[in-house]
Structures are given as C-alpha cells and as structure tokens.
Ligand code: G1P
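This document opens with one chain alone, in structure tokens, the form predicted alone.
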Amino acid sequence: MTIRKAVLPVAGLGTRFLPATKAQPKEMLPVVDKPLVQYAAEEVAASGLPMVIFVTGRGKNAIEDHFDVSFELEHQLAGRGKEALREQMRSIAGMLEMSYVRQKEALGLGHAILTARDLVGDEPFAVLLSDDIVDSEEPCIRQMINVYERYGSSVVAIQKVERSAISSYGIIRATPVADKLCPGRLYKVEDMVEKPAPEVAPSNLAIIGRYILTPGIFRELAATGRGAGGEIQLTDALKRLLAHESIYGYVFEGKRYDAGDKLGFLQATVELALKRDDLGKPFRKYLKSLKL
C-alpha cells in the first residue's frame, strides 16, 4: 500500500527546556528561524506524503496557529512591500493537508501514536519525532519509504552510537540484509531493548525518531500495558509486532541532530546556520573571531 500519512506526536511537556517551554510548546523552539516542528513537516512534504496528523495536547495551540493562514500578518506584509515573505508565510499553511487529534493524557509515545488510529485507518504510515532533525540530501522518511516499498514491512531508522550513549536509546539486535540499493545499511530486526546498560546491549544500533509502521502496530499498542515510566512504550509494541511481522532497521544517509537535548539543539542551530546562503559567510566569520 502507498504511504500517504505521517503522524507527528507533539504533546510532550518539553521539561528538558524549562523554563523556555513553560508557556510555549517545545516543538515551537526555533532552530535559526524555523520551529522544530516545521523541519519535520517539511520533511514529510519533501518525501511526497500529502497528509500529516498532529497528536497534540494541552497548551499546544501555537502549533495549530503556526500552520494556519494568518490573514492579518499577510495583509501587513503585503502593505509593507514584503511580498516574498508573505508568500513564504502562506506556503507554510499550504504545504500539507493537516489534521489534529488530542492526546488527553501524557502516557508516552506509544499512546500518542495509538491516539491517531482513527485518522490513520488501516494503512501503513510514517512517524516523525520533531526532536530529531535529519539533514540529508534525500529526506530520511523518503529513504525509509523506499525500503518499505521493497519489503512491505515496518522500518525503523537506526544509527550507530557510542557505547556511552547506548543507555539513552532503544537498541536492536539484528542481522545484516544484502540489499544492492542500500549496501551495508539494512538490517532485519530480531529483538529490541529499551535503554539497556551498555554491558548487556545487543549492539550499538540505536533507534532514532523516524518510523514507517504497518497498521498492525495499532493492535499491538492496544494490547501493550504501561511500561517504563508508567507509559505505553512504542518499543514494547514493536517487540510484540515482531512475533507476527518482519521489521527492518535502516541506517539512514544524512546527519541527525538531537534537538531535544540542549547541546544537540545548539549544534543544530550553529551547523544549519552555517549552511545558509544568507547567514553562513558572516556567521562563520563571527565564529572565527571568537577567542575560544
């Protein structure tokens, strides 16, 4: 089946960025001049998916406003001769068909995805976590859709991490798959463990915030009890899905920034600013002038 929909869970509290997130959604924190959630939405659009489903929560109205048309703002910009900026603002609202569903309790990523069940329906779909920005020539989700179209199974994005970072991720045990279109990048998942200690981890292949999921995941999420932190963990449901379906891990091409972490957020801001045509040269000159 063709993948048409992406789910963006945006109901988290953003406690790692307090006090900045006390009165605004974490997903609206800007990296250079775009909020985190817009990077994810643009990846969806660039991957050829026409629809996005935001799973929101209390205090997330700013996300809906950001992707809505602002007639007053556009009128003011047009009146000041800023037509290019006006068109840019209008394009944000028109890039995708958008729906919103409310996660009434903060019961974790698995529960957030389950909340979108009625809007997704009985079809495969993508999931993007806006904490992860992936800078790549071909969008990360598009790369994963290509894998799904060949194998017809769920795909999780993975990357190799340092031993010291293993306990911060879901880690897979997997067998390499010989695939001529992505040599050395594809694995068939045999098991996965949520945040294991480095000495007992099955590998250093960590799952990051990009998924292609078959609709069977909804059945498993509905049957999954609360796990770590009293939340419904997606990893637990994926382990249940393994009993019925194959799951593949794909080492994506590109650079991933963990923008849900303060250091990763700063790294993304600096490196993406340096790549900008309008900012890169003067910003690089400024950085070189610092006495570090």
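All residue numbers refer to positions in the sequence shown, first residue = 1. Bear in mind that the values here come from a model prediction, so they are computed numbers and not experimental data.
The same protein has a further form, the form predicted in complex with this ligand, not shown here; the description that follows concerns it.
A heavy atom within 4.5 Å of this ligand in the predicted bound form is found for exactly one of 208, 96, 77, 107: 208. 129 is the sole member of 145, 129, 201, 114 with a non-hydrogen atom lying within 4.5 angstroms of this ligand in the predicted bound form. Not one of 153, 219 and 249 places a heavy atom within 4.5 Å of this ligand in the predicted bound form. Partner contact region in the predicted bound form: 233 to 241, out of 38 to 46, 261 to 269, 54 to 62, 233 to 241, criterion any non-hydrogen atom within 4.5 Å of this ligand. Not displayed here, this ligand is kept clear of residue 139 by more than 4.5 Å at the level of heavy atoms in the predicted bound form. The closest non-hydrogen atom of residue 187 lies beyond 4.5 Å of this ligand in the predicted bound form.
This ligand is not drawn, but in the predicted bound form it has a heavy atom within 4.5 Å of residue 195. In the predicted bound form, residue 256 approaches this ligand with a heavy atom inside 4.5 Å.
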